[in-house]
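Have a look below at one chain only, the form predicted on its own, in C-alpha cells format.
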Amino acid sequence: MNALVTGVAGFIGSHLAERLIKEGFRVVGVDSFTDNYPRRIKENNLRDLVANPCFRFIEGDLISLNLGEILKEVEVVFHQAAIPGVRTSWGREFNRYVTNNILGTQLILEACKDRGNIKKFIYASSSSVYGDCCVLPLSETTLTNPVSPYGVSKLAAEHLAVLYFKGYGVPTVSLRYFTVYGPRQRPDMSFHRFISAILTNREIEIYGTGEQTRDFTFVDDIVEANIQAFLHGKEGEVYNIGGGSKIRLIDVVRIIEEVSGRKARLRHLDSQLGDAKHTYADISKARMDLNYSPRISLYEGIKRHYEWLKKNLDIYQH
C-alpha cells in the first residue's frame, strides 16, 4: 500500500509516516519547510525516515508541485500540511493561511478527483473550528464558530473536503484534532515552552490566568486515529479526536513540576486574541465508527514529552 503524507517534516506528519512504514506502507512524504520554525528542527524530524528504503521525500509546496504525477501510485492521502498557529494568523499573515491551508487543500483534492486509485483522503482539521462554546463537550454537531483566522482556514478546507466527496466522490474523512502534544511538538506550543523553560530554569509564560482548559491529545493517539480513519472512517464524515483529559493549563504546570522534580516560576501575560477559553471533545462518534479510544494518559504523555525534550533540547537552542 502506498501512502502520501503532506507536511511530513512536521510534528504529527513525521510520527505518522514512521507508523505507516511500520504497518507495511510505502510512504511518499511532501514538505516545503515553511519558516514558521527553523528548518533544522524539521530535518531532524525526518532523520530516521530518510534512511528508510520505504520512504521517498519530495521537497516542495502543494501549489507548485505536480500533484497528479505524485498521486499516480498513491492509494491513501494523509493531508497534514498547513500553516499552524492561532495567534500568528491575524493581519497580513493571513494570506499565507489562505494559500497553504485553503488553496493547497483544494489543489490536492482537485488532483485526487479523477484518480480511482485513491481509497481514502484523510484531512487533518482542528478543534479551532469550534471557537468558544459554552456547551461542553463539543460534538461534531456543535455549531462551528472560529474565533481566529486560522480556525476559519481549517474550517474552509474541511468544507472543501466534504464538497469534493459530494461532487466528485473523493473519499474524504476529516479529523478535528484537539491540542496535540508529545515528542517533536512545535516550539511555539505550550507544552514545549513549559518543559523547555523548566529545564533551563526560566520563567514559564502563561497567557491569561491559566484557568483556561484544553483537551490535550498525545501524538501517538492522533496517529492511531489516522490509521483507524483510513481503515474504518465513513466517507464525507468529520470526527473529533481528543485525549479525554480536560484540564486547566495551570494544572498542566503542576504535572510538569511533579515529573521534573523542579519548581516552576510563572509569569502571566495578557490573554491572546483568538485563543478559545475551553475545549473538550465528545469522541463518541470516533469511538463508535473508528474504534478510537485514547490510550495515553495525560501524566504518562507529559512524562514521555519531558524525557524526550530533556534529551533533545539542544536541537531547539542553536
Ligand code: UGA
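Everything numeric in this text was worked out from a predicted model, so none of it was measured. In this text, residue numbers run from 1 along the sequence as written.
Absent from the display: the form predicted in complex with this ligand. The rest refers to it.
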In contact with this ligand in the predicted bound form (heavy atoms, 4.5 Å), from 69-77, 122-130, 229-237, 135-143, is stretch 122-130
In the predicted bound form, the residue from M189, V162, L199, I102 with a non-hydrogen atom within 4.5 Å of this ligand is M189
Only hit among I206, I118, V152, A111 for heavy atom within 4.5 Å of this ligand in the predicted bound form is I206
(Q) Can you tell me whether Y177 touches this ligand? I mean in the predicted bound form, with a 4.5 angstroms heavy atom cut-off. (A) yes
* is_contact(Q106, this ligand) in the predicted bound form, heavy atom dist at most 4.5 Å -> no
Is K246 near this ligand? Define near as a heavy atom within 4.5 Å, in the predicted bound form.
no
Item to check | is_contact(A156, this ligand) in the predicted bound form, heavy atom dist at most 4.5 Å | outcome: no
Restricting to 270-286, the residues within 4.5 Å of this ligand in the predicted bound form through any heavy atom are D275
